[in-house]
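Same chain, two forms, each on its own as structure tokens: structure 1, then structure 2.
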Structure 1
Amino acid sequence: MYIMPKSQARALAAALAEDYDLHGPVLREESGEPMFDRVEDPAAIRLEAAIPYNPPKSVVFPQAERIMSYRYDREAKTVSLERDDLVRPKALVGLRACDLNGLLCLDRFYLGQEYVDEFYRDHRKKMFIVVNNCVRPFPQCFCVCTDSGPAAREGYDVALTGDGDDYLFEAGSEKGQALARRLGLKEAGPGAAGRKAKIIDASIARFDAEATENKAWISRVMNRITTGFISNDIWEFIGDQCFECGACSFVCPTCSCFNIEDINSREGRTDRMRSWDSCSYEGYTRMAGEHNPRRPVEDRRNKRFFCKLSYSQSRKYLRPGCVGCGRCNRVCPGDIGIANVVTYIRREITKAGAK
């Protein structure tokens, strides 16, 4: 482990910008809100900013993207295919531990099963990840309930942990070690690991007082959802609150559903587009012939929470599908983000236990 003065954070970003497209938390000029975005100027990255409103998944899984094009020659009856090169070195700087776990969930979905998604794979190649461990929680966070934070345990090249005027700089790969040497960092000494552990323990201890929007009761609700012991009344109540806007899916670091559409151009080329989809949309499960097995919104809502909180889905991701970032609570106009849904189910459990 190394010591890096916080004043050197800009030099870290600048060093990475020489070899990678740079992405990180920035503050929007018009609102001052933190967003995770592509940056040209390394000085624009704000490691001290709160957790961004959007997760970094658009870097590897863009909201809308052309994945290939084709032309059909009617006279020759031949098809020619074209595909963009999606491989570009990318540095993700300032990821929070929850968002890194979200990225690892996407890796397991797109790369770790029977089929490999080559478009996702190309985006994920040549990536450098710098994690910024949380030394304090934010109001909507509950990563401690989903085993996603506040510190990252795997999958990073560098992990930074704030320690007064310095960062504890932890290299997680050869690339991370090389960056430490390039920046001329000093060894942190034998007590550094213990110091980091105390900082993270202190962060966890602050959740009760500072993560005041945290209403999670995850483990009991995971049990209920997995075993199906949730009454239809609860799902109908949750469905009644849903505006079917899809915002929860779009800000979720682990949501991976997409739609495919072919769009014809006047030049005779057809672009195959991939775009984000959401189980909150009525057309999400519509089949050929207009049959829709999940037309009622409550049927699609319980599918979402089964995906995020059931044990069977956790086996697929090797962790819960929810990483506890709290973004869905922040954006949901119907007040049915994960933490609130857990609260509704918790009330049912408590009510049943009181009988």
Structure 2
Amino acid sequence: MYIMPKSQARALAAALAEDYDLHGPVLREESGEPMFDRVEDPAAIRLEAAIPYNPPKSVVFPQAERIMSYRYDREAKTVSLERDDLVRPKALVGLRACDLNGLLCLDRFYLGQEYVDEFYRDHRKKMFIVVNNCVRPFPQCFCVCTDSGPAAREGYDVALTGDGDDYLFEAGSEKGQALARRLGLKEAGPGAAGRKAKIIDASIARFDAEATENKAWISRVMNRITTGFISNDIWEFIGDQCFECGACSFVCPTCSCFNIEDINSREGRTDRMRSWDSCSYEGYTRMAGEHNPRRPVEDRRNKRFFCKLSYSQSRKYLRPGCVGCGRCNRVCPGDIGIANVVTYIRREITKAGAK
């Protein structure tokens, strides 16, 4: 472990900018909103900013992306293909632990199974990740319930933990070590690991009083969802409140579903677009032959929470599909962000237990 004065954060970003496209939390000029975005100027990265409104997944899985285009020549009956070069080494500076866990979930979906998604892989490879452990929670956070924070355990090149005027700088990889050397950082000494543990424990202790927007007790509910012992009334109560906007999927750091559409143009070129999709839409599960296994809205909501919270899905991600960032609760036009759904189900468990 090393010590890096906070004043050196800009130098860290500048050093990475030499080899990578920089992405990180910024405060938008117009309104001061914290967003995770591509930055040209390393000084724009604001490590102290609150958790960004948008998850960083658009770096590896953009909202709308052309993955290929082709042109059909009618006369010659030939097709010419064109592929966009997606390989840009990227540095993610100032990722929060929940969002890093989200990225690891996406890795397991896109890279960790029998099929490897080459577009995702091209974005993901040669990536440098600097995680910024949370020394205090934000109001919407519940990562302590989903085992995804406030400190990251894996998947980073560098982990920073704020300690007064300094950061404790942990290298998680060879690349991270090299960066520490390049920045000329001081060794933190033998007490550093203990100090970090204390800082993180203090952060966890503040959740009760400060992270007041969402209280989710994920573990109690995973069992229920996995075994399916949730009454249909609850799903209908949840389904009636779904406005079918798709926002929960779009702001979720782990949601990976996409749609593919070929878009023709008058001049003959076709763009193959991949874009974010959501299980809240009726068209999402419609199959050829007009069959739709999840046509009623409550069936679609049921699917989402099964995906996030059931044991069988957790085996896929090696963790729950929810990372406790609280974004879905903030953007939901109904009242069915994941923390609320967990509450509704727990309330039912409590009632059933009392019977």
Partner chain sequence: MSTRTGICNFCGTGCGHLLKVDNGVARGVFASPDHPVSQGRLCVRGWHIHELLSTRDRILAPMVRRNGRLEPVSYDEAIAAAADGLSRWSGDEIAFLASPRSSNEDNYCLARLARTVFRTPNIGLASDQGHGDAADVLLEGAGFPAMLGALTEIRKAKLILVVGGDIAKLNPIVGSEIHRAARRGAELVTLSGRLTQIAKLSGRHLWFKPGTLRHSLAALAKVLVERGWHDASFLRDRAEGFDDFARYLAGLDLAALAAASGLEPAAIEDLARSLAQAPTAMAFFTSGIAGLDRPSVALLFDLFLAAGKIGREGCGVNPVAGICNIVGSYDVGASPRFLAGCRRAEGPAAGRTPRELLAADPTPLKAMMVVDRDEEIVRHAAKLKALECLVYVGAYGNPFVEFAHVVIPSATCAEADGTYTNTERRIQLSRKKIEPPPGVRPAWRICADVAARRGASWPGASAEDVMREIAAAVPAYGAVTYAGLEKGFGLQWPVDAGHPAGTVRFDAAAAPRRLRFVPAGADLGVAAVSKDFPFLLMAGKANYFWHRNNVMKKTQIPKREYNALLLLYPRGFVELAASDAKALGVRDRAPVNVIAEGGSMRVAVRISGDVKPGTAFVPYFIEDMVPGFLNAAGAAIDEDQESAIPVRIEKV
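Here, rigid core means the biggest group of C-alpha atoms that superpose within 1.5 Å across both forms. None of the values given here were measured: they were computed from a predicted structure. Numbering for residues begins at 1 and runs along the sequence of structure 1.
As for origin, structure 2 is the form predicted together with its partner chain and structure 1 is not. Relative to the superposed core, His291 shifts its CA atom by 2 Å or more between structures 1 and 2.
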